[in-house]
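Below: one protein chain in two forms, given as structure tokens, structure 1 then structure 2.
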Structure 1
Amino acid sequence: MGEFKVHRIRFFNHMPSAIRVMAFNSHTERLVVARADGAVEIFNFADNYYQEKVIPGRDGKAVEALCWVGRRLFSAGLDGEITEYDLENLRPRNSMEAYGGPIWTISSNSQGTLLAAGCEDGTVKMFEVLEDRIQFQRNLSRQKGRIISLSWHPTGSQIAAGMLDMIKIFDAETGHATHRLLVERGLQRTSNSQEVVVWSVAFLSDHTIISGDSAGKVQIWDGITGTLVRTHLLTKWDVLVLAVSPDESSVIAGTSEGTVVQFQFISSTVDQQDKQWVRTRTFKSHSHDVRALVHTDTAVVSGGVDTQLVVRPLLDKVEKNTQESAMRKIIFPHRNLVSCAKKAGLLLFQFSDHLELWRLGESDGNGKPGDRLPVKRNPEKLIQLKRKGEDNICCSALSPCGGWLAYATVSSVRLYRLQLDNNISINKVSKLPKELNSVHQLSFSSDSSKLFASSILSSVIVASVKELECKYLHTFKPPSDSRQPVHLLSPSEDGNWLATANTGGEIHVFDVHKLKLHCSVPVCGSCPTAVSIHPFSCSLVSVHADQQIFEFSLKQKEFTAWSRKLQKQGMHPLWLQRDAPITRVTFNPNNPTHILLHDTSMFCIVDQILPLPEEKTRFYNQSVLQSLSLGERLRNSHAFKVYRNFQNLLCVDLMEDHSLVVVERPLLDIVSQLPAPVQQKKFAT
């Protein structure tokens, strides 16, 4: 059926960055995650947790706090600035110095009119949220010691601030502190001299204040009287973060041990009157500190130093044994960090601060399936290119011929001419057209003569590249008034078409020669995660976050018969249950009916000739087929040939010599690079 020589690569040392803080917008169902390198990622919980947008960070910009105000996103960090992001053009919109030293926390009131920032100098600064910016309003009365955490009362009349050794309650009107709640110093571990940090506070509408501190306690206070109601000792280490469910019936606390502990407001006996906060469940989803928590209606979302984003549905809130109830771990980005030069046998690895260009190895001869071939020539790192400036790399591209390399940061685009024949040389193309300034996706045409770049306002810039020169040709504007960023660019193999997809779910196909829009694919509910144009049949295959696959004929401008058949019959349940999106679609020139797809846990050849799997069909049937005779095999095979022996895939691509390039990133390699977790007494150690 399909025999492939596979370059199995494990030397791409991609290292995700630790999750620092998260915020959830329940109206748009978007989760924003800030990582230690300053990158901000937006996940759409309504669309299968797809990572829609990534705004790269920059050196020295550590995000300490995130806050949604309506659809607007603000962050603050230890650089003392409050930043608002432009979510359409994927860059910071504006930043404002708060003049209070490093900012530890920001929080907006429920009305979305005020933004409070807790600063190192002990002030809580109030900012008025205006249409296009924020404006400093006033300081609340200044305290001694830094403000670590803040929480508004839902009415907006009061605000609680976690500090060192105490919690202060301010009247938001007057700005005066009304209560001072002293937090006891360490019960066990720390000596009395060591001050306790209130890492997180939560102010509930019944004036209950819940705090988590560095002594490992979660404490329940009465905010009206300022008295301690109850203390739960969770850990010898820190309770780093708290999150409250929208209905305020449940609170979760993340600890340094990697556990998340749930408290629920329930009556300990049957009679309803006597409700109290009771520790109920403990989740252990992380190996390291849980630094960020979100409590949605149905799930606990946690992230921390071990870089994984874990969505753990609460089984009393979701239907059991459904896809909704499955735990999800999001480890790898939902976009491509690897570019392949198919013709030249080169790979470009994108890191946040540098790029690596590798040449594939070679082997002798052929082998039987299952063999490992002797490596005649080892892969070779040709170039390691450090980025210029402070901004992290947001995208990169390698031309199919291997002669051009481009990367972009939030502020600039750089294009290089590569000579790799005998002596490797790299020359920067000095003058780039001024239109290429804010770019979030790059791609070269298949003949390496054009560079496509998605830019502001959902537009795509076309530039020609030739002999150390880059000339602006055209800007494709979207036909709709969508301003969502274009996150996928896919030039066709024959050089006629360019397919673009934006996070609004729109897919447009432009005619590269006539420089105009050819057609738009009907929008479906889910965001496309990979698009590609078939080299021969001129049909566009798109895969979406909800795991649906469509094939759209560019000639007829309609979905093909196969696509309609697939939709009619529906995808196999096991296909829909996969939790990672397809991030690449490629075609096999030798077998035009084959579509090659991959996500992080498998790659799959979809054979359009074969019958589609029915619901009762055994979906993962490769091992079964292997044991069958040829005739039986033909009878039992179905369109989805899923190969799962490779895991943690970052890239699966087909080179021109019909060999597969598979880039794996074993989780163990990631774990081994993490800092040591806190010490825990384990049984029998």
Structure 2
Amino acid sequence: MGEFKVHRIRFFNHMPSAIRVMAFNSHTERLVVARADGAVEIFNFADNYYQEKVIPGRDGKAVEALCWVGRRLFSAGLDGEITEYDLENLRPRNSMEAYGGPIWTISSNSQGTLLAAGCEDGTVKMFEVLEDRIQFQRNLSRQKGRIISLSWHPTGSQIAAGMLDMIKIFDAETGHATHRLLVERGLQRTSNSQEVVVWSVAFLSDHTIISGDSAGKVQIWDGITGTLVRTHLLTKWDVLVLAVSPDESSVIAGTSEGTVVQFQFISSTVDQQDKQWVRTRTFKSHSHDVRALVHTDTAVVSGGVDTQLVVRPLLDKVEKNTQESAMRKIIFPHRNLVSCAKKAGLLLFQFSDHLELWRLGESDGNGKPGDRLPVKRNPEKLIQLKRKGEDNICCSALSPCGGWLAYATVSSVRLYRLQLDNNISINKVSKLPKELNSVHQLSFSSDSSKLFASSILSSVIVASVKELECKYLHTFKPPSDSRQPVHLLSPSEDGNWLATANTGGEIHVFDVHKLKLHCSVPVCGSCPTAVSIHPFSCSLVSVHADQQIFEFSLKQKEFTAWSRKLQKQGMHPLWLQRDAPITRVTFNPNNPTHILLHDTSMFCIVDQILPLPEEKTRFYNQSVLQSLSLGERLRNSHAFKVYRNFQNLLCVDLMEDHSLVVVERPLLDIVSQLPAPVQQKKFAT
């Protein structure tokens, strides 16, 4: 398979941000996640939970609440504004001041015509949802305390509001409060003088109201009479969030202890006559506060301070021992945060508020496979570049020669010329083409003479870079009417081609010299997660969210024989069961038949000469395979060579000197930087 000198990099201190709130759109099967740094991420549950879109946040713009209204997405926060997002151009579309102080929660009625916002000044503000904006309609009767949580009755006739020490039920038509439900103060952590915060409420079709509060209680209320039906004491800490299943037969509650507790509306007797809400299951998927929950038809989705998005299927709703029954933990982004200057031996690390440029170290001598080579020169941080303005960085790129660096926010693009000889200098290119104003992805050509930038309406801008100048050349436009953002850019090594992929699943290849479309790859139905053009065979390799691999000949404009053979035989079940997407594809010039792939858990070399794995063939880690007998090795030898010797891979790329750069981010390093969890009594202590 060939040997590589490997640079194992562990100084990229990527730290995911805590999850604050989530919302699920059951019609499009999209989950939106807001993080503590203001970033908004959209996952496609219908496409193997792929993170297809990311809208970066900005300073002072933390998101406290999210809400889907049809296919439109709204958020609100403590800055007192309601923001609608442009999901095609990945930026806020417009914001509206609510004039009620900080906004703690927003919720829409099931008809999608009204949006309610709970404010610090004690008002519930109603907004009418129009075609292109929202418009203030009126206030419900003002209360003395802040509105923490809201939930509409499914008919839209009433709305429940969680406050301090109480829940108010409003008539949505008159705006008056019809019931006041007093929440008793806790018996454990909270004293009688402390107020109880109703963090979450749920209003069910049968007028049952379920609340979770800071005293650790989940309470069941009769919304018609305004009386308490039952109290469940879950924890001595807070119950922070509730979520209801679509059929209202199950409710889940997230606590500060990291547990998720399920309640089901079932009968406690054999005759099935008297149904009630019964505590049935407790899940321990998190180490810290569970701040956000979603209850789908088949799974519990949770997130919180430990930054992990956990999808836990309910085994009574899915078939056991299948891919659908496996629990998933999504920790790392499904996009590249590392750029490599292959010719210069440089790495660029992208953070939300700054960039770091590092020079790789050098080793002394050669060794046998598995040896640790002595370091002749340590890796060196050359530049730390803080972003300008309040908007977080959405994408960045480093030219292969190491002479250019570019990054973009939702509001601007910045390009720098680097000099890294004896005296390190960085000079900003002052004048950029006006076309470079809204950018989602950046990439340089292999000769570092051109900058490619994906822009609005699924277009790609081409600009030339020379000395301290950047000139606009052309805009590539898709042949289809797709408006989905281009999230992947892959220039060819010979500089002739540019492959682009958008979140609508389309892949287009453009001729860079003739500045026109060359061909389009047939749409397979799943979003591409990585694309790359082979430097010798002039074929495009694409990997998709459903783990399928395709090879498309740019000369013949059809799938290659190897690709057709792979699709005819089918991917191996163990390959399809992986829950992390491939995020990078590259090739080995010394072995043109080798395709190098990686996700966060493994690095794989696909040898197109070797036979494809049969269904019953095992996927051995290569270090384990080498320890087997010769006969066993031959029986389990196939095209997919998997290496699992690394921890949580963020980048695997091949440099010009044929050394392999492996950027790792061990999970323990992330856990060590989390705040201390709440103290919990352990067994026998």
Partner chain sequence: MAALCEGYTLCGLVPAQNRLCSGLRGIEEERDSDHVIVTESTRCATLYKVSDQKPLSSWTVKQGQSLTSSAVFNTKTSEYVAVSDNKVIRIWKEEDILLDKAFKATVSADVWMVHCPRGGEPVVLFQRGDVRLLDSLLAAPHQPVQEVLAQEESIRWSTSIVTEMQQMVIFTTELKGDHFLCLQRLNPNSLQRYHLEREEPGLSPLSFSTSYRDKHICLLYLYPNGHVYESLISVRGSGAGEGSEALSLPRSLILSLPVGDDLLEAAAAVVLDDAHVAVVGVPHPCAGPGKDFLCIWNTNFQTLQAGKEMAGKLYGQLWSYSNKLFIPHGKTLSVIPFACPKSCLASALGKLKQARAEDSRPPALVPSWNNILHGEKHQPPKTAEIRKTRTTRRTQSSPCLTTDQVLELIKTASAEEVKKEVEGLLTRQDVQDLQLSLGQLAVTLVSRSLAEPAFYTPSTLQQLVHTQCLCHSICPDLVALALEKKDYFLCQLCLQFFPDIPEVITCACLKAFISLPDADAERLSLEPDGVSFMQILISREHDQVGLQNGFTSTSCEDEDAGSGQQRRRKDEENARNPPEPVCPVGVHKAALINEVLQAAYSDTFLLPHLKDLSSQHVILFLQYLQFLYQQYSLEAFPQKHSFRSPSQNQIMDWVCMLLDAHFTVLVMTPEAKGLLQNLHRFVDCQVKLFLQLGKIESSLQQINEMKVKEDVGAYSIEVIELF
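What you see is a predicted model; the values in this text were computed from it and never measured. All residue numbers here follow the sequence of structure 1, with the first residue given the number 1. Think of the rigid core as the biggest set of C-alphas that the two forms share within 1.5 Å after superposition.
- Each structure shows the same chain on its own, and structure 1 is the form predicted together with the partner chain.
- In the core-aligned comparison between the two structures, the Cα atom of S623 sits 3.6 Å away from its counterpart.
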